[in-house]
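Given as structure tokens, the chain that follows is alone and in the form predicted alone.
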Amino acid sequence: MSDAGLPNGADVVVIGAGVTGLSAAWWLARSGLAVVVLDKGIVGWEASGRNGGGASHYQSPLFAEEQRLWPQMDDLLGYPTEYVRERIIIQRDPALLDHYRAVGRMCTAMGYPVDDLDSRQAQELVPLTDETCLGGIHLRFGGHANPQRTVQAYAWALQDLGGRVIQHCQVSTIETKGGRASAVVTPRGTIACDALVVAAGPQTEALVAPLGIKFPLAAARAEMIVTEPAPLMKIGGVDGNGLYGRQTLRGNLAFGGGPHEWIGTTPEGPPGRPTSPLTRNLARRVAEMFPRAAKLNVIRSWAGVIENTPDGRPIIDRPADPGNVTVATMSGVGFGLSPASGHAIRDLVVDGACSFTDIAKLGVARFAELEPDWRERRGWAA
């Protein structure tokens, strides 16, 4: 990563070296802007580097751009992401199978083909399952990538364009002048900026509150387990049984899927260590999903921290006051949408509006009347 010295200023400062902040910084650097990314830890240290790697978010306004960009990302970044096209969803529950087949019909009507699978066809494509699998759907779009490789690829590509990544450099406050963000303050110095992007995960709410931006979030652990290698499947991206994840190129099964453990935050960030009860829960469900791999040992587990909005949808917005601050959280779906979210953030910073889709529904104004105790009402308190 970039050296430890802080510059005096930049065209754009990005707070947060998760996948959303890094993608935004890379898009901004592609536009010729001097960009500095600051993070309290290291790149991709929370959920950005610890997730299922899926890239199939058909319910998002960013979906079409996500699908357009992912097949190009290795070439655009100049570094491998291990992106693989197509994905399968299998089910053991008949009601859920009907639900996902309805989703498949919706995607097909949008121009993204999906095939229904009966039990035999599902077992042929996912040989680690068995006859307990009632069937599924085969997405001929979407896919998955390696989260660790991808966040590193964004960071390296940004640096190739002259951008800076400063790790272990927590932002304490945002200075304002003339009604605009003018600088960020860190224990290692102050960096002046013409524009600011805040994509700092659970810390975003506290950072932008003094600016008058209401940005409600609740933090939770996103836990994953990894097994010993299994025989490679033809399509490694498989969801089901309440799980999301992928088979790695070595054959390991890397899966997560809640339930969330709601946690509090501190200025240093919430703890991300995994908890053994949930690890056991995940292992049981992976064994149910892949009975022919049930004897594999779990060789490691990890937990990142995800921030969740009250309605579960992302926030990508550039509020009118202050006019040079763009805020972003992807509410648990940031990895797969990162090529598109970074493009949208670049457009907001440079042009004031997203060029490729309508993201009005992702604005912060939708929470203007949110009840103060919303976390407790939803059972999301730590």
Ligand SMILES: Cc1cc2nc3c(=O)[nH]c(=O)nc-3n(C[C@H](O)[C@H](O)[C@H](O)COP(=O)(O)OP(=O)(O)OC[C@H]3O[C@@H](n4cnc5c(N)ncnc54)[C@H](O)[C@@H]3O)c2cc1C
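Please read all numbers here as calculations on a predicted model, not as lab measurements. Numbers follow the displayed sequence, beginning with 1.
Another form, the form predicted in complex with this ligand, is not on view; read the next lines as being about it.
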{"query": "Proximity of residue 201 to this ligand in the predicted complex, heavy atoms at 4.5 Å", "finding": "yes"}
{"query": "Close approach of residue 50 to this ligand in the predicted complex, 4.5 Å, heavy atom", "finding": "yes"}
{"query": "is_contact(residue 219, this ligand) in the predicted complex, heavy atom dist at most 4.5 Å", "finding": "no"}
{"query": "4.5 Å heavy atom contact, residue 41 to this ligand in the predicted complex", "finding": "yes"}
{"query": "Option from 116 to 124, 230 to 238, 165 to 173, 102 to 110 whose residues, in the predicted complex, bring a heavy atom within 4.5 Å of this ligand", "finding": "165 to 173"}
{"query": "Candidate from 158, 90, 224, 196 lying within 4.5 Å of this ligand in the predicted complex - any heavy atom", "finding": "224"}
{"query": "Of 215, 141, 83, 244, the one that lies within 4.5 Å of this ligand in the predicted complex (heavy atoms)", "finding": "244"}
{"query": "Site test, 30, 211 and 317 vs this ligand in the predicted complex, non-hydrogen atom cutoff 4.5 Å", "finding": "no"}
{"query": "In the predicted complex: members of 54 to 69 within 4.5 Å of this ligand, any heavy atom", "finding": "54, 57"}
